[in-house]
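The form predicted alone is given below as one chain in structure tokens.
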């Protein structure tokens, strides 16, 4: 059932011993929302535990400064920033079909939870989480909660550079400033500091870039061999998907990342082209300017399939 903020807060207030699920290959929004909810629930006197298929990247360690994990058998399950149960990862598969509440901002959300609050016009799930925090009069917006919420907003907007950024987004960030969030530290950790292996994988990706459709589309890829060569891990790849789209004149950026049985494809676009439309044709989804899908097979097949769909979308656009 679709919930508003008041109903969502009522449901959370009635929960006990809560498992908070973040998506695999976690980013700042799912972790920010997950830990913000944990700290909110702690002020309500409730036990909760943040769970993720993958190890939390070291760059997000500041989110865990006040985190105390307690051992209990979950009686309720909340998913944050997860549009599809397929994003749980194998370690969280036991929760498929058992999610009581989903808090999200993806228009492609599969509505798999018993109840959900999904604001597709929000730049980040953490925008929704701020409203939930405000929905509890007894909960104080502490520095750690502000750090969590700001992290999600900042990362999902590319430090307020992406087109999903709105007046409400800036206003929410401003309220985090007033609550004492360490925005200087957060922005540096998220956007300025890179490991040697991250620099190495960026170099490798740049060497794979190829152009299509009169240079309106740029495609790059990451193979398992490239990760082995550079020593880069999944946690260091956040933001790499934006690289092809950053090239002058490119409207559609494609980044293919090798998996066991195919390639995960990240699509980044400007306002001219709908990334979610491209990915929907291949069973994926996301936002207008940032979406993803998966193609089984080897690299050449994945490239052929995604470029075929991009060609269809461009041809449709040219005919309008």
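Each form is matched to the other, and the largest set of C-alpha atoms that superpose within 1.5 Å is called the rigid core. Positions refer to the first chain, counted from 1. Keep in mind it's a predicted model, so treat the numbers as computed, not measured.
Quick note: we don't show the form predicted in complex with a further copy of the same chain, though the next part is all about it.
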I'd like to know if residue 173 sits close to a further copy of the same chain in the predicted bound form, meaning any non-hydrogen atom pair within 4.5 angstroms.
yes
Exercise: residue 193 in contact with a further copy of the same chain in the predicted bound form, heavy atom 4.5 Å
yes
Heavy atom of residue 159 within 4.5 Å of a further copy of the same chain in the predicted bound form
yes
Considering non-hydrogen atoms and a 4.5 Å limit, does a further copy of the same chain approach residue 248 in the predicted bound form?
yes
Given the stretches 162-170, 87-95, 70-78, 119-127, which is the single one in contact with a further copy of the same chain in the predicted bound form, using a heavy atom cutoff of 4.5 Å?
162-170
Report the residue, out of 183, 136, 213, 112, that has at least one non-hydrogen atom within 4.5 angstroms of a further copy of the same chain in the predicted bound form.
183
Relative to the superposed rigid core, does the CA atom of residue 192 travel 2 Å or more between this form and the one not shown?
no
Fitting the rigid core first, would the Cα of residue 74 be found 2 Å or more away between this form and the one not shown?
no
